[in-house]
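The chain below stands alone and is given as structure tokens, in the form predicted on its own.
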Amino acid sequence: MTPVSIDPRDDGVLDVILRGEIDYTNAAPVTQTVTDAVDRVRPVAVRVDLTEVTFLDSSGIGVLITGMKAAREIAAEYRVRGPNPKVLDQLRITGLAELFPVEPAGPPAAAGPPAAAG
């Protein structure tokens, strides 16, 4: 299983989908993939989907921080969605939940933006 997928959308959002264990064994290439995509696509927003992440160590936290910094360098919005309760606890304990929005899991990231309320 590939730990990261990148999906640049037509609306300017860069979806980053992380999967499985994000730890010291794969953090460097995942970080490189994310920062390269941000530099190449120059999105208006970066949305990191954590719904398939089962484990996040300090190196995985570093992936999120580096992604946030890359987004901020180009003035793009940065948010994380769908962490499981254990990962959400890690985001809160490390203070990351205060640095960027953390959204609950919802429809898959590839489903597009939510429908407008009428």
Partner chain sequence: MAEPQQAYLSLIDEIRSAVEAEAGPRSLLDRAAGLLAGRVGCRVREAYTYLLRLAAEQGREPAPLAAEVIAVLEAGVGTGDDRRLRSVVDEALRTRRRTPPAFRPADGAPAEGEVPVRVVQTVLDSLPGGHSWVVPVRGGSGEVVDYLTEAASPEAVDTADRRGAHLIGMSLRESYPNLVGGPLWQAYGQVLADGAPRELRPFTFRAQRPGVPAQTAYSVRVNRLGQGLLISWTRHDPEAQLGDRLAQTERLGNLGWGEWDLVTGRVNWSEQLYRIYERDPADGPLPSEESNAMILPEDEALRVEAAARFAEGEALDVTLRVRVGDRVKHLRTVADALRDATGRTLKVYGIVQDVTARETARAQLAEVERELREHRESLAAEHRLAAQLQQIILPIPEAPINLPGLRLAVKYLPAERASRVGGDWYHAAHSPDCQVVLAVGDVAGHGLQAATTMAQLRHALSALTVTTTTDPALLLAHLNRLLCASTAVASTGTAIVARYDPDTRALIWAQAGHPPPLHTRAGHTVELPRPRGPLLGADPDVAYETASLMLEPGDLILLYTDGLVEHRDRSLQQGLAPVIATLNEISLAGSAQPLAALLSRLRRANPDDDTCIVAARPLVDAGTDNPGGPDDRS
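Fair warning: this is a prediction, and the values are worked out from it, not measured in the lab. Positions refer to the first chain, counted from 1.
One more form of this protein, predicted together with the partner chain, exists but is not displayed; see below.
- In the predicted bound form, none of the heavy atoms of Glu73 sits within 4.5 Å of a heavy atom of the partner chain.
- Using a 4.5 Å cutoff between non-hydrogen atoms, Glu98 counts as a contact of the partner chain in the predicted bound form.
- Proximity of Ile93 to the partner chain in the predicted bound form: non-hydrogen atoms within 4.5 Å are present.
- When contacts are judged by a 4.5 Å heavy atom cut-off, Lys69 counts as touching the partner chain in the predicted bound form.
- Taking a 4.5 Å heavy atom cutoff to the partner chain in the predicted bound form, the contacting residues in 14 to 33 are Glu21, Asp23, Tyr24.
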